[in-house]
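Starting off, we have a lone chain in the form predicted alone, written out as structure tokens.
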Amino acid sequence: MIKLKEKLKQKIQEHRPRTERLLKEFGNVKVGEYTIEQVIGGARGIKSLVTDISYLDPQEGIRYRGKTLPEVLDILPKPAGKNYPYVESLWYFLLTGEVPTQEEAEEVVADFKKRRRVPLYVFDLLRNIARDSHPMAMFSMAIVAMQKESIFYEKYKLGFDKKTAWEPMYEDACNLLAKLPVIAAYIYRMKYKSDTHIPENPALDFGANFAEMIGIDPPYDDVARMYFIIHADHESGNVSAHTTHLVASALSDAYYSLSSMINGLAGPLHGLANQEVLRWLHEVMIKMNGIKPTEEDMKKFVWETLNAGQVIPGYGHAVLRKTDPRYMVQRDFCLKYLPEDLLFQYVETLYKVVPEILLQHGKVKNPWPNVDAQSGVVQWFYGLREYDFYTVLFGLGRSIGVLANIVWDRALGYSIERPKSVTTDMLEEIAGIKKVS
């Protein structure tokens, strides 16, 4: 048993009494109230989920285990000579809440390398899917196809033990997470690079191995680490995280649960937004004849866009009321490594003018950019220019957080999720609306 699993077991044993006491002694304490708008509007803002792994503060942005993204990127162990941490060290941190030592992080790196091998039937399946299918559909099918490998499923058939059920879920999560870069890279090379493939490199960590397998040289390995880490988690209420939790709450294994997450992430209102933003940016460049924009030129364009009833993609957020910290991490990278890139200059000019204009326009609660406003720029600069694949990158990163969450869901024995519905007639009665006979 590696130190991560030993540490996780210790943390679970320490945490269980807290949850048990809350249920037993304080189960009837009210957490909050909700409105008809929230009931109809997707349960937005209703506090009804629990996760200690991340929290999205409207003013501060996302925190992992209480730490900001810049703090996380600073404190986690890094490969020698690299600027961004091991993805594997984030896995340790999200599961335990403790920053691993260099030795502990590298032990997880070594453990993941042992788990990387993808069953051949997965590649056979991918090769039989229509090549013009969206890569997210391919990714989802490859994940659910491996369900037969589930250790949790096999253990469940032998008899379910609530106290130890987290252990096979942990093993499934580790096995699955280690394989995802190999599967994603295979999809990329098959679909976009003439079906020529680069084998995985047993000497490399999660991020570097992915970069090599898709065929992009360093420093893209650091880009991959950064990208996967900043997209890893975002509380439990967004579609991808909540879907994973919901499906897992039925005691579905990690394969079923993660495949459902990928399906949710593929929606245009969620993860697919990143490719839509980049497509829009290139349309803006064409309209401006590919010339470096002045702030006045961009202001004029933005007002024309809004007055035509269109939105500025990549701006606004359901919870945040400030610039998305994930945007800022990528912006800092761009300012350091590609400040003269024309596409980045367009994004940077938009950042300087759009918030003020949206405030004047008066129709948004948050005029600041979200992660999608910046995500495609770095990828495009380093040569990954296939829009459709950007959401697969998002899915790779988000898998880290959602898999960590469902390991803890299983450890704490969370119940199957089953909210109650009401009818429109009931809501009208609550609102005091009289029916016309």
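What you see is a predicted model; the values in this text were computed from it and never measured. C-alpha atoms forming the largest set that superposes within 1.5 Å between two forms make up the rigid core. Throughout, we count residues from 1 along the sequence that is shown.
There is another form of this protein, the form predicted together with ligand CMX, and it is not shown here; the text below is about that form.
Engineer: Quick check on this chain: which one of K114, K287, K365, K162 has a heavy atom within 4.5 Å of ligand CMX in the predicted bound form?
Structural biologist: It is K365 that has a heavy atom within 4.5 Å of the partner.
Engineer: Of these, P339, P268, G81, P199, which has a heavy atom no more than 4.5 Å from ligand CMX in the predicted bound form?
Structural biologist: It is P268 that has a heavy atom within 4.5 Å of the partner.
Engineer: For the chain seen here without its partner, which of 105 to 113, 215 to 223, 169 to 177, 309 to 317 has a heavy atom within 4.5 Å of ligand CMX in the predicted bound form?
Structural biologist: The contacting stretch is 309 to 317.
Engineer: In the predicted bound form, is there a heavy atom of ligand CMX that lies within 4.5 Å of any heavy atom of Q379, even though the partner is absent here?
Structural biologist: Because no heavy atom of Q379 falls inside 4.5 Å of ligand CMX in the predicted bound form, the answer is no.
Engineer: Taking the shortest heavy atom distance, is R44 within 4.5 Å of ligand CMX in the predicted bound form?
Structural biologist: Residue-level check for R44: yes, a contact with ligand CMX.
Engineer: Quick one: does A273 come within 4.5 Å of ligand CMX in the predicted bound form, counting heavy atoms only?
Structural biologist: Because a heavy atom of A273 falls inside 4.5 Å of ligand CMX in the predicted bound form, the answer is yes.
Engineer: Classify N370 as contacting or not contacting ligand CMX in the predicted bound form by the rule of any non-hydrogen atom within 4.5 angstroms, answering yes or no.
Structural biologist: Judged by the heavy-atom cut-off of 4.5 Å, N370 is in contact with ligand CMX in the predicted bound form.
Engineer: L306: with the rigid core matched between the shown form and the other one, does its Cα shift 2 Å or more?
Structural biologist: Yes; that C-alpha moves by at least 2 Å between the shown form and the other one.
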